[in-house]
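Shown here is one chain on its own, the form predicted alone, set out as structure tokens.
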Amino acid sequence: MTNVKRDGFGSRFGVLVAVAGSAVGLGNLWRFPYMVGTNGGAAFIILYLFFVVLLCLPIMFSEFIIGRRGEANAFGSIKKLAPKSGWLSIGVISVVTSVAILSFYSVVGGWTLEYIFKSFSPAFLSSDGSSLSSQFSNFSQSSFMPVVMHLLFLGISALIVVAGVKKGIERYSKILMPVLFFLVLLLAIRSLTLEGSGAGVEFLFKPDFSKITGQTALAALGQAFFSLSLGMGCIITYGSYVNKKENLFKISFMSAFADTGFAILAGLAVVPAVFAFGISPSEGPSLVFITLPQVFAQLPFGQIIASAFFFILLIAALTSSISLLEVIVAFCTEELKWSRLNSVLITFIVVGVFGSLSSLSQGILSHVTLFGKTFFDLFDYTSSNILLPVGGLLVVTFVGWRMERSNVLDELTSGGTISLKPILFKAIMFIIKYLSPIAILLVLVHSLL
């Protein structure tokens, strides 16, 4: 264990908003609506919910167990629980994954920041899709402003993390998460009041099971897994700050509920509006930056709605980026014995450089490729398709096969203070040992094919 005095969460609510903030991000507002749109609507959502409850919650339990039992960063926790073993690779993968994700995630965060500024310009909103497409292309392929916005977004995240867990992450999560939910709720209400929005609601909640294919199931499993921030060390790191008296079941269930609820709320904010204006819900990633501004342009007070929407996106991006930053910073402070300030500064520089390369790969560096991919695509593909599933697989394998069952039970019952029926514990262990690894392997194999 490190000699560095550890920070920690000051309340259960602080834990919940921080963990929910880690899970709730651009994946909910940006990825979830178009994943629903391209995979059959309600049928996809049902599969998504099934996988969250059956498979993803046990994985979240596993990460919390490792973090709270080890009382250290992702690497340090494994070092304490399985010293001088190959399991230390879990900690290494967690740090590498966080760097890789931030190296493209902060670029998208920068785009969101730019679009907040753009939304105040009378010339921004347009019902002309080609005009909006040109706006996005001209900005994202530029060599200057996208890099500046990426560094500004990363800098805001760094300022929150440098303040520490209780005074930084917890304090700002308590502010940002309620604001985020409130704004998305308002946007969903406005979307649902549009003429023709009923078709979008039906698309979201009336399942057509004939649309379910093996591809749909794997897409739902992958979205559920990645949406909850599993396999990247965030839950392990945050778990190490959780008081021993806290109920990991409640924290995990409430975090998963908040993330899933927010994803569906985001779907209600986006999909009915898209249907109301006759736009396909399967537009893909361009749905946020190109398609939705077409919708806003046709709404009363569209400019205000657009500004609010991109502000929501920014908050969602920040709550996730600070959790990723904390994974790296906790490793640097506890394993390398750097001060928190130096850890944040060095992380900012490293991610700033990689992120700048990702940003420039949209333009002047688009011809520079590694393994046939630009920097942006390489960081995205490597983290999402390889590092995250491998990290998650190692976590559940470690808890299911390497940790003492008595230690797992001790954490799940908070030292015996919480009642847990033996049959329920056996079911959880069965899922962790067998079902979760098989499911993750399916996602990993599918993503590599």
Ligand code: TRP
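Whichever C-alpha set is largest while still superposing within 1.5 Å between the two forms counts as the rigid core. Please read all numbers here as calculations on a predicted model, not as lab measurements. From 1 onward, residues are counted along the sequence shown.
Heads up, the form predicted together with tryptophan isn't pictured, but that's what we're talking about next.
When you look in the predicted bound form, the only residue of Val270, Met232, Ala330, Val107 with a non-hydrogen atom within 4.5 Å of tryptophan is Met232. A single residue from the set Phe225, Phe309, Tyr115, Phe296 has any heavy atom within 4.5 angstroms of tryptophan in the predicted bound form; that residue is Phe225. For the three marked residues, Met149, Ser356 and Ser359, no heavy atom of any sits within 4.5 Å of tryptophan in the predicted bound form. The partner is not drawn, yet in the predicted bound form one stretch among 204-212, 339-347, 319-327, 81-89 has residues with heavy atoms inside 4.5 Å of tryptophan: 319-327. Contact check for Asn39: no non-hydrogen atom falls within 4.5 Å of tryptophan in the predicted bound form.
In the predicted bound form, tryptophan lies within 4.5 Å of some heavy atom of Ile101. For the chain shown alone, Ser436 is not a contact residue for tryptophan in the predicted bound form, no non-hydrogen atom being within 4.5 angstroms.
In the predicted bound form, tryptophan sits beyond 4.5 Å of every heavy atom of Leu55.
Superposition of the core reveals a Cα shift of 2 Å or more for Phe262 between the shown form and the other one. Shown in the overlay between the shown form and the other one, fitted on the rigid core, is a CA shift at Ile78 smaller than 2 Å. Core-superposed comparison between the shown form and the other one: the C-alpha position of Met149 differs by less than 2 Å. In the predicted bound form, the Cα-Cα separation between Gly222 and Leu357 shrinks by 3 Å or more relative to the displayed conformation.
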